[in-house]
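In structure tokens, one chain follows: the form predicted alone.
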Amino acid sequence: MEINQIIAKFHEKGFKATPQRLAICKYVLLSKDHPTTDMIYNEVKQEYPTISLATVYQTLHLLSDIGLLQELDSNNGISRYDPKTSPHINIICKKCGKVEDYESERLEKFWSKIVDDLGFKPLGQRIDVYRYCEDCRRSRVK
């Protein structure tokens, strides 16, 4: 999504598109590692040292409300944020919480069929598969 479209979405919802909010958007929407709030805060704070954690939370919730992000709650109480809102599977490590995406054309077709069968357009979807990542599996063997 282009920055102008994001700014328009902010304005639609009655929010200002401040440089701090746009920096949060840029970081999280380009991220591949499903960052936590703290990861986002620490990264953006380097460029905007006066940014508050509240601004990060508010911006993340706004991005989620307008459909640009998915919040991935976890068992340990630490949320991660996924900029990929199209149908995919989150492969989540049960130990460290690392999240990887799995996408396929077959999954897209399957999801389209489910939506047709439901008879309405869902507000969102989330499919999680749990495992131990390579690093955690190696550390369990030791």
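Under this definition, the rigid core comprises the largest set of C-alpha atoms superposing within 1.5 Å between the forms. Everything quoted here is computed from the prediction, not taken from an experiment. Start at 1 with the first residue shown and count on from there.
There is also a form predicted in complex with the DNA; it is not shown, and the following applies to it.
Work out which of the listed stretches, 101-109, 43-51, 25-33, 84-92, brings a heavy atom within 4.5 angstroms of the DNA in the model of the complex. Contact criterion met by 43-51 only.
Taking the DNA as it sits in the model of the complex, is I78 near enough to touch it, meaning that at least one heavy atom pair lies within 4.5 angstroms? Flag for I78 set to yes.
4.5 Å heavy atom contact, T55 and the DNA in the model of the complex: T55 belongs to the contact set for the DNA.
Counting only non-hydrogen atoms and a 4.5 angstroms cut-off, does T37 reach the DNA in the model of the complex? Looking in the model of the complex, residue contacts with the DNA include T37, since a heavy atom lies within 4.5 Å.
Is there any non-hydrogen atom of C133 lying within 4.5 Å of the DNA in the model of the complex? Contact with the DNA, no.
Who in 15-51 is close to the DNA in the model of the complex, meaning a heavy atom within 4.5 Å? Sequence-ordered list: F15, K16, A17, T18, P19, Q20, R21, T37, Y48, T50, I51.
Could you tell me whether the Cα atom of R131 shifts by at least 2 Å between this form and the one not shown after core superposition? No, the C-alpha position differs by under 2 Å between this form and the one not shown.
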